[in-house]
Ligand code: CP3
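The data below hold one chain only, encoded as C-alpha cells and taken in the form predicted on its own.
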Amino acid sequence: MDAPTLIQACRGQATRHVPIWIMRQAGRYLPAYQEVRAKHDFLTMCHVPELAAEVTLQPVREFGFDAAIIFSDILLPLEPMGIEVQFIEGKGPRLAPQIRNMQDIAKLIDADFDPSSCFLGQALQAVRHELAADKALIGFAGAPWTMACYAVEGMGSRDYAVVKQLMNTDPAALHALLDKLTTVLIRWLRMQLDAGADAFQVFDSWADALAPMDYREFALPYLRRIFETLRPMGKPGILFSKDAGAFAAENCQLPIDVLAVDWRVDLAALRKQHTGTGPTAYQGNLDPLALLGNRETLLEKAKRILSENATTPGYIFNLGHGVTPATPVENVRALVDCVHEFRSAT
C-alpha cells in the first residue's frame, strides 16, 4: 500500500495532488468543535482521549484534509515534569512554579511516556484506527527554546525579559533547562510515533525572540538533537519556526525532512536557494488572515503560492501560522478544493 499523500510529499516523491493541512485546523472556527468545547474545558478535551480524537478527526471529515494533527497543546509535557499548567479564559496559559535557577531545574521530573497509558498515546491510537489509510496522522511538540520560555516566564510574553535575563546572567542554567526539556520532548515525540503518528512537527513559536548569535547557541543545538535522535524511526520530521525567516538558512542545515515557514518568507526563493542541500520538502505559507477576505482574493493568493512551489515534488500546502477563530468555514473548504484541484501548467 502506498504511503499517505502527505508522507510521500515529505519524502520528496511525486503525488497525485498537492497535499494540504493547516495549523490549528481542529479548533474554534469549526461549529462541530464549538459544540464539544461548550461542554468541556480545554484541558479536559486534551486529557480525555475520546474527546481529543473526536476533535482531531472533525476537520478531516469536514474538508478532506490530507492529514490530521492530533488535538493537544505544546505545554502538556511540562505537567509530568512537575509544572502546573492552567488556561485562563481570555488570558492564555499560566504555569507554576516558574523555573528561575539551577535549584528549580534540579526539581523537574525526568518524565517518560508509555503510548498505551498516556492520554495522548491513547488519543493517537484512536484516531489512527478511524483515519483512512491515505490520510497522515501528525504528532507534535514545542521546541526546547519555546518550552523554556514558557517554563521561565510562566506565561506568554512580549519581550521575554525574564528568560533573557536568565540567558545573560546564568547561561549554564538555561542550557541545563534546555537539555532536560530536550530529553523529555524526545520521549514525548517518540511516544506519539509509537502510538501511530506518521510524522511529527516541532513548533518553535518564540524563535523570533532570539538574536542570531543566541539562536545558534540556545535553539539550534537542541533542535538538531531532537531530529537526529528520532531520525532512525523513519518517520518524517517537520520544523516550524514562527517569525524566524532570519534563521531559514540555519534551519535548512538541520536533519529535518520538511521546513515549514510563515508568510513573511519568500518560499519559492528559499527552495531555489537550498535545492540539493536543504530539506527534502517544504511546507507553507499562506497568510492565515487571507482566509478572512473575499474568496476570489483568497484563491488568487493560494494559486500564486501553488504555481511557485507545487510544480516540483516535495511541497505541502499550509498556512504561515494557525487558522484564526473568525475564519469562515466555507473559505476553508474553498481553499482545500483549490489546492486539490491545482494542476501545473508546465
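Owing to the predicted nature of the structure, the values given are computational and were not obtained by experimental measurement. Quick note: we count residues from 1 along the sequence shown, nothing fancier.
Only in words, not in the display: the form predicted together with this ligand, which the text now covers.
With the partner left out here, if you bring back this ligand in the model of the complex, are C252, R271 and P313 all within 4.5 Å of it by some heavy atom? Zero of three within 4.5 Å in the model of the complex.
Counting any heavy atom within 4.5 Å as contact, can you tell me which stretch out of 273-281, 287-295, 36-44, 301-309 lines this ligand in the model of the complex? Every other range fails; the passing one is 36-44.
Is it the case that E130, even though its partner is missing from this view, gets within 4.5 Å of this ligand in the model of the complex, heavy atoms only? Outside the cut-off, so no.
Quick one: is P93 in contact with this ligand in the model of the complex, heavy atoms, 4.5 Å cut-off? Flag for P93 set to yes.
Is there a heavy atom of M23 lying 4.5 Å or less from a heavy atom of this ligand in the model of the complex? Looking in the model of the complex, residue contacts with this ligand include M23, since a heavy atom lies within 4.5 Å.
How about F87: is it within 4.5 Å of this ligand in the model of the complex, going by heavy atoms? Contact with this ligand, yes.
Using heavy atoms only and a 4.5 Å cut-off, determine which of V60, A52, L30, I69 is in contact with this ligand in the model of the complex. Here the answer is residue option I69.
Which pick from A248, L108, I74, M233 sits with a heavy atom within 4.5 Å of this ligand in the model of the complex? For this set of options, the contacting one is I74.
In the model of the complex, which residues of 127-154 put a heavy atom within 4.5 Å of this ligand? Sequence-ordered list: F140, Y150.
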